[in-house]
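Before any questions on binding or motion, here is one chain by itself as structure tokens, the form predicted on its own.
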């Protein structure tokens, strides 16, 4: 059995874990990333509103890692909307190269336990490696098993079936469509399309949120029906993103970060930009907790409060309520919902789509939105599950 010591162990080397490791390293902390897929390419498609990167010191460098960006975004409800807010998709290799500068250990974490004699933490890996650390961060994604979820916030899934093709119809070229609800189904889903600018186009049928996801075969048939032909496929993906989970219970040993900490937006499923924005406050909290000589329990609590400050937990409660309302809507409701949502000012709907917007701002946007809804939609919103407003710890 081998053993090593470091200040911070980050479990998970995706964009969130890599970005946090980089910021911790800049503060002089000794960091190690533990990931069973270390050195493997990132295979997910990571997108972001371009201005959501502006809060980072390296915003311009991050923007240069984008594979493609669009100055306008299309949304289709019962009518068409052209949103004048740039959106981009990362080139995974460029993003990884920019973020990843911490050493890595390719293994799976078996358990994290207290080392009471050294007042530290011990990480035991399946390959026999034993690592001691002052702080352990779980950045292993939504399905990580290192953290407990809130039972009253049982979540659902955003599911999608997509193809990448070089033979897409001209309708789907030279544009980015965030969502197209023009085809109404009993169990609603929408079309999401991206022309990457290199001849390849992603066409994806997506179920926004359901407790029980729509199966891949159904989504595939809907996609073929929309496109009008089963086009040749360069690659195929079936995605299921856990959504709607509450803030994890605050563990006394491991701190969550990124999707593992519940950074997935309850309504959109986005998490990468939110994670990138949070690295500064979280790495600073880690550095200060270690420098102050706090006990393990106090260090963990201090860092958790940076991951999920009390005001952002209130923001999450408001977003959860919005999500509980969405599942009550049929296809026509969702057309009207997004027509109304995107009739708000760009600033208002942009604020709502961030998990780190102050709760007073979210409440103000929700009030404006509610005032513009039809009475039938208001009734469905008012009868949504009130347990969504609980914020546990």
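Positions refer to the first chain, counted from 1. Given the structure is predicted, the values throughout are model-derived calculations rather than measurements.
Another form, the form predicted in complex with a small molecule, is not on view; read the next lines as being about it.
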Could you work out which of 295, 82, 97, 108 is the residue within 4.5 angstroms of the small molecule in the predicted bound form, going by heavy atoms?
108
Residue (of 223, 241, 208, 300) lying close to the small molecule in the predicted bound form, criterion heavy atoms within 4.5 Å
241
For residue 120, is any heavy atom within 4.5 Å of the small molecule in the predicted bound form, or not?
no
Please determine whether residue 331 contacts the small molecule in the predicted bound form, using a 4.5 Å cut-off between heavy atoms.
no
Does at least one non-hydrogen atom of residue 34 fall within 4.5 angstroms of the small molecule in the predicted bound form?
yes
Does any part of residue 179 reach within 4.5 Å of the small molecule in the predicted bound form? Heavy atoms only, please.
no
Whether 12, 16 and 44 all lie within 4.5 angstroms of the small molecule in the predicted bound form by heavy atom
yes
Have a look at 179 to 187, 268 to 276, 161 to 169, 313 to 321 and name the one stretch with heavy atoms inside 4.5 Å of the small molecule in the predicted bound form.
268 to 276
